[in-house]
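Just the one chain here, laid out as structure tokens, in the form predicted alone.
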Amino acid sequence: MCRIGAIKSKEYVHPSVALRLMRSQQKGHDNSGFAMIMQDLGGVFEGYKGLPILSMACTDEGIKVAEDILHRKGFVRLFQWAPQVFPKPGLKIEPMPNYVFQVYQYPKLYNYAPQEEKEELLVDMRLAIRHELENHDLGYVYSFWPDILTLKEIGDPSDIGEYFNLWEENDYFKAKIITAQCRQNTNYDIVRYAAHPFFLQGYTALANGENTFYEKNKNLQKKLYKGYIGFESDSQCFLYTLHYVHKKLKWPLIYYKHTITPIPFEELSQREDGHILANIRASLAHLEINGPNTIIGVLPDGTLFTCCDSKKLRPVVVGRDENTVVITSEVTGINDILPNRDWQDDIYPGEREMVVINDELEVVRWQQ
């Protein structure tokens, strides 16, 4: 079992807050890893919004391979930042030689390209880098997207925080949205790509639980889009379905819930939108999921949401104050970072519910 969490705030938040959120839920995971995605970045990256940031963990040769691929395409590096690390005996961590966060200028040929063309270019570049890194065992590329930074590591989350000095808050490394997961994937081989959160074209997803429809999801998804690759974790399917429904089909977010956990056939005939939902169920049956699991997702515009499978066998709670909303597995995590909130406002979503938080931190509860 793992623990997941998301913080969305009006103010920039340091990763130490995400570590505190997850530390108090330590009994719910196995201390085998920590991963996070930071979105809407502040600190040293605040001046580069709109430009893609490359997030990698790799060897020295891996850096050169990635840079060569990007330079040949016409990308120009504008800024790079590497976290200072603090190795010491006893830390339970399996570090990579380099952690790379580089900001790039788009190729001149794309100065006036449509946004969708730029977005496809970024996916192509990430896939090309991943292909070369994998072929030569040179490391991992997690994201190449504007205003997004990704870090994934194997080991004890507390020790990972200590290794990267993430426990000590500063103004250089902050974001308004942070999603995090503790525990590496232990259902399959332990690889960094299998660690949640997963990211594709502005969409982020992470989950607590299992997807027993993994094979069914995977067999369809790998035919739908070039970016649906890897499948090192069954939970990657949650991201790919979110991306497909919202980005490719351009459906409203509520249809994500209708796709993954459709309502029973006997209820469809009693609803005004029953014919729409019946068509969704007929055409996308292979994207349904089977729990138990809880999903947290983030859209490109910063919308944050959570929903559960139809059995609701994994915990999730939403807590908030005037500046911050937190979604996580156990309320003890929210108690740690929002101790002065009104706990009576806490939300425990049901199996038919989706809780959505917009950029003004307005919380909407939508019933399926």
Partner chain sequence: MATVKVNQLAKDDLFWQIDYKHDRCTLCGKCVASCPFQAIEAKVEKRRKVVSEDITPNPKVYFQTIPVIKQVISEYNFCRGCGICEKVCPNDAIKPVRNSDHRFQAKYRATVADPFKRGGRSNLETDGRTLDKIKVGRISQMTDPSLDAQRHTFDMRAPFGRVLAPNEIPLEVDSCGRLVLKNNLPPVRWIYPIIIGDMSIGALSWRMWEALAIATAYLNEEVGIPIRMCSGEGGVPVRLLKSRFLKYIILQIASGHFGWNRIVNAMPHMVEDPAGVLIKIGQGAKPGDGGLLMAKKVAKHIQEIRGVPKADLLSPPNHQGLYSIEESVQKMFLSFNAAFKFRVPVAIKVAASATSVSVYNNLLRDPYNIVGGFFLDGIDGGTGAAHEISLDHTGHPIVSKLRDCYKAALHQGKQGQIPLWAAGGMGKNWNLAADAFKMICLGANGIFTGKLMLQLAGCVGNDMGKCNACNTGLCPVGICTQNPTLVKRLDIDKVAENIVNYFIAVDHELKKLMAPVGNSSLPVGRSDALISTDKSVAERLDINYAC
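As the structure is a prediction and not an experimental result, all values here were calculated from the model. Positions refer to the first chain, counted from 1.
This protein has a second form, the form predicted in complex with its partner chain, left out of what is shown; the following refers to that one.
Using a 4.5 angstroms threshold between heavy atoms, Pro292 counts as touching its partner chain in the predicted bound form.
Interface membership of Asp273, defined by any non-hydrogen atom within 4.5 Å of its partner chain in the predicted bound form, is confirmed. When its partner chain is considered in the predicted bound form, Phe79 lies well away from it, no heavy atom lying within 4.5 Å. In the predicted bound form, its partner chain stays beyond 4.5 Å of every heavy atom belonging to Lys88. Annotated contact segment (heavy atom within 4.5 Å of its partner chain in the predicted bound form): 259-267, selected among 193-201, 170-178, 135-143, 259-267.
For the residues Phe164, Tyr228, Tyr99, Tyr244, the 4.5 Å heavy atom test against its partner chain in the predicted bound form is passed only by Tyr244. Listed residues Glu232, Glu210, Asp159, Glu119 were compared with its partner chain in the predicted bound form; Glu210 is the one with a heavy atom within 4.5 Å. Shown here without its partner chain, the chain has Glu210, Thr212, Phe213, Glu215, Lys216, Asn219, Leu220, Lys223 in 197-223 lying with a heavy atom within 4.5 Å of that partner in the predicted bound form.
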